[in-house]
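As structure tokens, one chain now follows by itself in the form predicted alone.
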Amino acid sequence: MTQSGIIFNTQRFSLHDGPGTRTVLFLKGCPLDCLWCSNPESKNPDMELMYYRSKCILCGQCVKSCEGLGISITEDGVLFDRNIVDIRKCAKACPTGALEIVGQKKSVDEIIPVLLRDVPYFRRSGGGVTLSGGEPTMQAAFCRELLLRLKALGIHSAVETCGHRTWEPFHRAVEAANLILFDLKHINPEKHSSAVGVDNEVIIYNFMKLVPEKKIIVRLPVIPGYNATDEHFRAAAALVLNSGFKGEVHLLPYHSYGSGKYKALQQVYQMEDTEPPTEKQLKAWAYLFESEGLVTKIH
């Protein structure tokens, strides 16, 4: 029987999630709770409701469909108790698309034809398919079967991962991938925990164990107020070098592009006033890795 997973987006023609032109498949569920997350709808492993106030005409159809259970109209729009409300009923009743269910259960058999649409672009550019999220390895069985199918079809595959999963399911999930895009949020375990909710012991263990086995790109988010310091990037460079890693390092500057999604989920975005790092800072931190012989790119 083919495995199924919870998918929340498919992004075609991506140029920043591995080599060449790629299709990125976003899976729901993540063990981290990063303050700067640009995909907050990915954290919950289940389907959930997003509410776009700009599309809402306050017609009350959603309230009627749910008989007022867990839902009401206020001066600021529709208010939900997400532990009670029937999200399917609400979304179905909305005439304007202001209510959207995020997350669909799809089997590998259903997903493969969608991914094969862009094979000509993959062949021409050296691209392929990237599994992202969320954390793809949270859905290890689905992830593994999909990667094996892509491998059999001769399609390059990559997995974006935070690495926070016990080794056995983590390794099963990524084993068939051609490339691992491995995020390292912070090297200090206490500071790692302070902004993402877990320490980095399992993450570093998995990284060290995976380095001799897989082709990896190390990705370092650059987050002002959290890890955007010389001390952090010197520690990151030391860790990467001590692991025996010889691949590329990518610096991912902070951005707030996903902040609007928090409003749609009726959550507070805690980094609203954070400014991105300057180009001068990014080049200086990139030089730390380049001076050690590591190819470094700034996204």
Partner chain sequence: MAIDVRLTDPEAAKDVIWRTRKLNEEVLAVNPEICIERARLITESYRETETEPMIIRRAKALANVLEKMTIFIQKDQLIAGVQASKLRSAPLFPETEANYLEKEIDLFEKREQDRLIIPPNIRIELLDEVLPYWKGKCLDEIALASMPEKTREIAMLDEQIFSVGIHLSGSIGHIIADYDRVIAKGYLEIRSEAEDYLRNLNLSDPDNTSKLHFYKSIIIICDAIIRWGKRYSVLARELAASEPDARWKAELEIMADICERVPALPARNFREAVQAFWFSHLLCFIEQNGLAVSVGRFDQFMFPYYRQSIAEDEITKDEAQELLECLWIKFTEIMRAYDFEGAKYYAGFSISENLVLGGVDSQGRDATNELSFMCLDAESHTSLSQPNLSVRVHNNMPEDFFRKAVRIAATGRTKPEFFNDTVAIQSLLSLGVPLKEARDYSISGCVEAVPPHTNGMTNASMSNIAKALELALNNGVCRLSGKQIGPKTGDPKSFTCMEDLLYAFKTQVASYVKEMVTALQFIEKAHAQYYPLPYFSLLLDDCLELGLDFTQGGARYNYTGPQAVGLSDVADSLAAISKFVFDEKSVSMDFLLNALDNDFEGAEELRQQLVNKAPKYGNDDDYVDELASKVVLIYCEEVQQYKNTRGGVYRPGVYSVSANVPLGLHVGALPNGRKSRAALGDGVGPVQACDIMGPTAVTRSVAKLNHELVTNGTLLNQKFSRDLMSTEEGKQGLGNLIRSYFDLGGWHIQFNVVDAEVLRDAQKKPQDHKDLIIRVAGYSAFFVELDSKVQDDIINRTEQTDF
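Everything numeric here is computed off the predicted structure, so don't read it as measured data. For the two forms, the rigid core is made up of the largest set of C-alpha atoms that agree within 1.5 Å on superposition. Numbering follows the first chain given and starts at 1.
The next section is about a form of this same protein that is not shown, the form predicted in complex with its partner chain.
Chemist: Looking at 166-174, 85-93, 69-77, 147-155, which stretch has residues with any non-hydrogen atom within 4.5 Å of its partner chain in the predicted complex?
Modeler: Contact criterion met by 85-93 only.
Chemist: Is residue 57 near its partner chain? Define near as a heavy atom within 4.5 Å, in the predicted complex.
Modeler: Answer yes; at least one heavy atom of residue 57 falls within 4.5 Å of its partner chain in the predicted complex.
Chemist: Residue 233 versus its partner chain, in the predicted complex: is there a non-hydrogen atom within 4.5 Å?
Modeler: No, residue 233 sits far enough from its partner chain in the predicted complex that none of its heavy atoms falls within 4.5 Å.
Chemist: Taking the shortest heavy atom distance, is residue 120 within 4.5 Å of its partner chain in the predicted complex?
Modeler: Residue 120: contacts its partner chain in the predicted complex.
Chemist: Should residue 272 be classed as touching its partner chain in the predicted complex when contacts are defined as heavy atoms within 4.5 Å?
Modeler: Output for residue 272 is yes: heavy atoms within 4.5 Å of its partner chain.
Chemist: By the heavy atom within 4.5 Å rule, which residue out of 256, 266, 243, 65 makes contact with its partner chain in the predicted complex?
Modeler: Checked against the cut-off, the match is 256.
Chemist: Non-hydrogen atoms within 4.5 angstroms of its partner chain in the predicted complex: do 186, 227 and 284 all have one?
Modeler: No.
Chemist: Taking heavy atoms and a 4.5 Å limit, what residues of 273-299 are near its partner chain in the predicted complex?
Modeler: The stretch 273-299, when checked against its partner chain in the predicted complex, contributes only 299 at the 4.5 Å heavy-atom cut-off.
Chemist: After core superposition, I'd like to know whether residue 166 moves between this form and the one not shown (criterion: C-alpha shift of 2 angstroms or more).
Modeler: The answer is no; the displacement is under 2 Å.
Chemist: With the core lined up, does the C-alpha of residue 222 move 2 Å or more between this form and the one not shown?
Modeler: It does not, since the residue 222 C-alpha is displaced less than 2 Å between this form and the one not shown after the core fit.
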